[in-house]
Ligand SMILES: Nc1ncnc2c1ncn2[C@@H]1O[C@H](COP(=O)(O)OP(=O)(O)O)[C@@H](O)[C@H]1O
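Have a look below at one chain only, the form predicted on its own, in structure tokens format.
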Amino acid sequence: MYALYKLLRFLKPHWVFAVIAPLLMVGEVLLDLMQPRLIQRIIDVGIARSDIPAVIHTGFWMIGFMLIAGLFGAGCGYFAVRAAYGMGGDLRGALFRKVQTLSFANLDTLETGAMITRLTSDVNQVQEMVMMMMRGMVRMPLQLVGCLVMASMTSPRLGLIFIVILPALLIALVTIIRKTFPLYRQVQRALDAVNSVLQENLAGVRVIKAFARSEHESARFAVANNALIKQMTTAVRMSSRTTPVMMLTLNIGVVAALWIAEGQVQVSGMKVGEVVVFINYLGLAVITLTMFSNLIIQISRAQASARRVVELLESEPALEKPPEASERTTHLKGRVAFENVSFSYYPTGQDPVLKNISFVAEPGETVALLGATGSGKSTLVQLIPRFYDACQGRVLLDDVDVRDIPEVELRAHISIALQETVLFSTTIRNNISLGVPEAPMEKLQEVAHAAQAAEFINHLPDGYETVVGQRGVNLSGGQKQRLAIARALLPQPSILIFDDSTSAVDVRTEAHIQRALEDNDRRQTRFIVAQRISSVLTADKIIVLDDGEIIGQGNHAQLLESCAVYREIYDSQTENGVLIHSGH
């Protein structure tokens, strides 16, 4: 229960509702416990003595108690919902904010499907459990004790039946619950698998259709879905044994009570109303225990969910925070230096992606990174904004280690157009102004023109107010990349990174973009990750990577003479010194 206990802090802002709900439940339980005694009065006084006024008078009391108890119950339900769903909303907000703070390394290990489950199904399980506890954790013990006391007061001898039945019921409940707890943990893991398959298929539906793999993916989803059904069925089958056990016990208790009462009526004149009242209290006690068993099952599910929620809440970003006395920078000139940098995606450092990388990019220089797929180009530039930390060596910005600069401050000076273009389901204007929401339209038009996006934007039905479909579905790959470039240009950063961000743009348009950047009055330090030789020809410095190591460094002319790999790439993309498919 420790995980659930840790989450109760989210209930604190809603403590007024959380206190009122149980108090109202106390009133409802006390009034419910009075009902069997009123029934006894109707039987033993009204019916036995043919006292019709007593029957009517007692009946009015019963109706009044029922109405008041109903009001108490409705009020308890209302305040319990307000408290539980308020807590759930705060918890989801905290989880979402936590996800935003996690580093790329954390997100690499946390599957998207599992995170979706934690923010939805797991939080729902916890909030439903809290709501049930506010209603049940007061009602059930109070009602159970009340039934025992009232039954014993009615007939001490019949009250002994409670002493025999309750331990047997509790032993049965504990046995069922202990077997049920681990089953619901397996249910949540199976739900993760379903969500993961679903998320992958929704994101990659075009690829699936393009390769006619719909049937295969349907089969894969069916496997995950059937596993969930199997786990859920097993868990429900185990928990459903509670009701038959309860009903069997209730029937045994009723038979025992009638058997004992028969002798008591003959020997000591026990009244019929007393027997009826006792059976009522016995039934109420069994119903209470059934509710308790359902609550415990809900708690077992919520406990499994709470552990997963707490695990995410307590996840610490893989990137260490700068020390309190760290050096601060208000403006970066844009000098970037790599000093013997090595990096691996594995914590143990095996299979390094980068090995002993050392170079300097002076302020205002354009540095191009060229190499085969998997050579480490994208990984290298992701170390600059500190998406990952180097395993060995240092990455310096203006002679300050990036690990000594707060992330928000560091990234305020860096813009990046990522290899995979991500657009949000909002207007083109909002997508471009993501980093500078208050930017005037003139600036948006300026960067769109530089990114060669202005023309196609102006031809859209609503121009800059055109809503981009989910993941940019209504735009071509080249259009999405140009919007991403415009978005990166808008903040006017000290360092600009293009991570293969013109791969879907034709060579002519790419040349126009490069020319617009060169004409920009404010020269940034630029890093260009590219596959095409045309993207790097005018760079001040070209770094050739192979298997995570620098095998060539210099400008175009120097590398043609000194680097065989660069020469091979150049020859493969040119014909007699002319770029193939250059458009010239």
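Keep in mind the model is a prediction, meaning the values are calculated, not measured. One-based numbering along the sequence shown.
One more form of this protein should be noted, the form predicted together with the ligand, which is absent from this view; the next part is about it.
Between F79, Y388, F162, F292, only one gets a heavy atom within 4.5 angstroms of the ligand in the predicted complex; which residue is that? Looking at the other structure, the residue within range turns out to be Y388.
Under a 4.5 angstroms heavy atom criterion, identify the one residue in Q188, Q514, Q479, S375 near the ligand in the predicted complex. Of the listed residues, the single hit is S375.
Taking the ligand as it sits in the predicted complex, is V353 near enough to touch it, meaning that at least one heavy atom pair lies within 4.5 angstroms? V353: contacts the ligand in the predicted complex.
How about Y345: is it within 4.5 Å of the ligand in the predicted complex, going by heavy atoms? The answer is yes: Y345 has a heavy atom within 4.5 Å of the ligand.
Is D108 close enough to the ligand in the predicted complex to count, meaning some heavy atom within 4.5 Å? Yes.
Although the ligand is absent from this view, report whether T379 comes within 4.5 Å of it in the predicted complex, heavy atoms only. Taking the distances in the predicted complex, the answer for T379 is yes, it comes within 4.5 Å of the ligand.
Heavy atom contact within 4.5 Å of the ligand in the predicted complex, the stretch among 191 to 199, 393 to 401, 365 to 373, 504 to 512: It is the stretch 365 to 373.
Which residues from 400 to 419 come close to the ligand in the predicted complex, meaning a heavy atom within 4.5 Å? The stretch 400 to 419, when checked against the ligand in the predicted complex, contributes only Q419 at the 4.5 Å heavy-atom cut-off.
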